[in-house]
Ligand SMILES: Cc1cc2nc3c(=O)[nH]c(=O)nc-3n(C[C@H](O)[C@H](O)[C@H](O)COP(=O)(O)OP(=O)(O)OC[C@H]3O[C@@H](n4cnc5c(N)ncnc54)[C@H](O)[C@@H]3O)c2cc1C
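First comes one chain, alone, set out as structure tokens in the form predicted on its own.
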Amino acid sequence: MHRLQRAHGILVSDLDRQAIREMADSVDPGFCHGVHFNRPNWFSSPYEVVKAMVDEVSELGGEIVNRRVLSITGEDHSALVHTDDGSYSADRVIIAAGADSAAFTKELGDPVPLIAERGYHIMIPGPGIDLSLPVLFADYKVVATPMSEGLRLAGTSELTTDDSPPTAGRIESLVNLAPKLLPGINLEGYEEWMGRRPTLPDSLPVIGQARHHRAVWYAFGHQHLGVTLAAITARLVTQSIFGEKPVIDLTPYRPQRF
């Protein structure tokens, strides 16, 4: 795996016990082998990222409308977005509603087997330890990530029905593992989070045009990789809408593959 990563320009190096301590001395000293991905990148505040994007859209003349979308109807050259406060007509509509996208695709004639893969994390506002980069504890499938709001511990995935209540054991496992992985951590005041991630059985997103409504396009189903794949997805959809050849073949991602 490392050979393949290096061949594609990913800088990765092995760490022994001492190197782990030098890089992340808050980690349990019992860990004796690690892998360092050089030049790691992560969002320290997803909210600030989204806010910056909204500000950029506004500066470019776009209008941000906060409405609950009830339904979407489309024709060959236009589409109507029906909301709880009126309807909006558009030459093109892109459905990128995450785990809620399936309700719209079904209505438009493109049913997809989308489910909400739930994830959990805890956010610790004052952890009392210093961690300068994200650490994945591979044996435990837990990631500790320094954020602007504190330290986030995540790493669970749950396939269940949308209407089932959150599973308390998911949070409890993170709380119990935290002091074992990061001795000295202060868990006081931690906040719980549960989110719904759009997942399809073939683990591929849906990117493409609606079957019967040529003004409607889909861009959803990226599982855990929505942020990672957002930019390339936007590029692919933009190229397709404007009649350009996409930089990759979109056949594997077509909505009608199911």
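The first residue of the shown sequence is 1; numbering continues from there. As the structure is a computational prediction, the values presented were derived from the model and not from experiment.
Beyond what is shown, the protein has a form predicted together with the named molecule; the following relates to that form.
Screening 175, 147, 96, 129 for any heavy atom within 4.5 Å of the named molecule in the model of the complex leaves a single hit, 96.
Shown without its partner, this chain lists 232, 227, 49, 57 as candidates; in the model of the complex, only 227 has a non-hydrogen atom within 4.5 angstroms of the named molecule.
Although the partner is absent from this view, residue 158 stays clear of the named molecule in the model of the complex, with no non-hydrogen atom inside 4.5 angstroms. Although the partner is absent here, residue 223 is a contact residue: one of its heavy atoms lies within 4.5 angstroms of the named molecule in the model of the complex. Contact check for residue 204: no non-hydrogen atom falls within 4.5 Å of the named molecule in the model of the complex. Using a 4.5 angstroms threshold between heavy atoms, residue 69 counts as touching the named molecule in the model of the complex.
Segments offered: 129-137, 115-123, 175-183, 86-94. Contacting the named molecule in the model of the complex at heavy atom distances within 4.5 Å is 115-123. Annotation: in the model of the complex, residues 107, 111 and 253 none come within 4.5 Å of the named molecule through any heavy atom.
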